[in-house]
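Here's a solo chain for you in structure tokens, the form predicted alone.
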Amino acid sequence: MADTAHDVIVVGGGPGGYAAALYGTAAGLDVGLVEMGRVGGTCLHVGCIPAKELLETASVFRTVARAGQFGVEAGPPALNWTTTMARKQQVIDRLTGGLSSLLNRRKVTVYEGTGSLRPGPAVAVAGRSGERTTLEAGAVILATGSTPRTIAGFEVDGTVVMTSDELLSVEALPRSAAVIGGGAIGCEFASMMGDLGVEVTVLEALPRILAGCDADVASVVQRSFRKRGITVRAGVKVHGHQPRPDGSGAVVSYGDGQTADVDVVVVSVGRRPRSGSLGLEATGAAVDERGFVAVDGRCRTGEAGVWAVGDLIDTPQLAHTAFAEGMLAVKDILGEDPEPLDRLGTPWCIYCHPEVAFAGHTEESAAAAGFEVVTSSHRHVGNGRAMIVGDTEGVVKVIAERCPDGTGGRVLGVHMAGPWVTEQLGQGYLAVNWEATVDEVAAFIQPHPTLSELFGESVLSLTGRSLHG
């Protein structure tokens, strides 16, 4: 017999898990949440929040360094890393406390321990002190998240070779670093360290960094990296590393006999799902060769009454995707017949400098999907607000379906690089996902002077008539 019963049991307290729990209780369900550590998951403790906190430190450092351009005589900035790390932890602790309080107010029952699936469905919980509890439920949502991937030849020791987990808690910044992987996470770390004085080399196996972004947007970031002294080596494979004799660093070998002598190596090649501890072997829930739990469009697994969300499934590994999937699973449990999520329309935000944000098709993917497209781009260099804030590196690019007269029709994709674009994506995201046309979007007034009016200018140009472009 079960020790306790709930309407829904959620295994994992990260974004997908706690979103499902909170949304479920808002709908009147009795929810139990199993979490082996502190609620908040990777995003709150070793992902989104601490990474962006350190990137904000880098932003402040850049701002102070160029304060003289605005007539503010501040002198060369100096970094107190101890204070930086203390502030990072304060933000994490405050958010964790707030989340714990919210779960308590919503009457989500939190069980500390590791959960594994049992028939029924039910969840067996192994507590930290060895105690065991069985929870019975009408439905189970699996949301155990992910851990950093590693690669052969780079065994993580936390001192010389590290992943994002260790880098976010280093006691001092290194003088030099090799970042293996030029995706979103790798570029964020490279940007942060480079701005704070670390000599950084990015090693990427694909032909360019930020391979999932539109090529024009990725080129803006690469040019900025080059101007700031961040070395990018794209189209190269890493072969391994040889520790320095004194153990203070390592020599990384890559490409055709090339090397990089650095203090630390940051392995940033993505994340793998944490599915091994769920006991899925004896259930109908299938796991693919990469460890992802197979689901349908409504996040249903092959086991009746069991859903999986977040980094555990093969969808964009983003906190906001996990939020949406957690809510989708609850709607399906309630029998509300929800529409599957449109993965193509997912909003992406990358917080390197310059920032990157996009939703929908790139120019390349739209053409590959069979669309005849027309594009419009406007650069920040001519934008008044960008000049005022002193940050004119960037571009806004809109991809639209081509009409017979050469103008744009439906908006297929919006891609941005530049200052604060992560806060400006909203109207582009809505245009893509509402399948708006350029004529419909161009009819709306854009405030001036703003950075966001570049989106309006780009859309207006696709109507066949433009102002400043």
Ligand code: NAI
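All figures in this text were calculated on a predicted structure; none of them were measured in a lab. One-based numbering along the sequence shown.
Heads up, the form predicted together with this ligand isn't pictured, but that's what we're talking about next.
S.K.: In the predicted bound form, which of the listed residues (243, 270, 276, 153) lies with a heavy atom within 4.5 Å of this ligand?
M.R.: That would be 270.
S.K.: Looking at 349, 287, 124, 324, which is the one with a non-hydrogen atom within 4.5 Å of this ligand in the predicted bound form?
M.R.: Exactly one residue meets the criterion: 349.
S.K.: From the candidate stretches 332-340, 349-357, 379-387, 167-175, select the single one in contact with this ligand in the predicted bound form, where contact means a heavy atom within 4.5 Å.
M.R.: Only one stretch passes the 4.5 Å heavy-atom test: 349-357.
S.K.: Looking at the partner-bound form in the predicted bound form, is residue 94 within 4.5 Å of this ligand by any heavy atom?
M.R.: So residue 94 does not count as contacting this ligand.
S.K.: Would residue 304 sit within 4.5 Å of this ligand in the predicted bound form, counting heavy atoms only?
M.R.: No, residue 304 stays farther than 4.5 Å from this ligand in the predicted bound form.
S.K.: Classify residue 138 as contacting or not contacting this ligand in the predicted bound form by the rule of any non-hydrogen atom within 4.5 angstroms, answering yes or no.
M.R.: Looking in the predicted bound form, residue contacts with this ligand do not include residue 138, since no heavy atom lies within 4.5 Å.
S.K.: Can you check whether residue 252 is within 4.5 Å of this ligand in the predicted bound form, heavy atom basis?
M.R.: Contact with this ligand, no.
S.K.: In the predicted bound form, does each residue in the set 184, 188 and 317 place a non-hydrogen atom within 4.5 angstroms of this ligand?
M.R.: Every residue of the candidate spot has a heavy atom within 4.5 Å of this ligand in the predicted bound form.
S.K.: Of 203-220, which residues get within 4.5 Å of this ligand in the predicted bound form if you count heavy atoms?
M.R.: 203, 204, 205, 206 sit within 4.5 Å of the partner.
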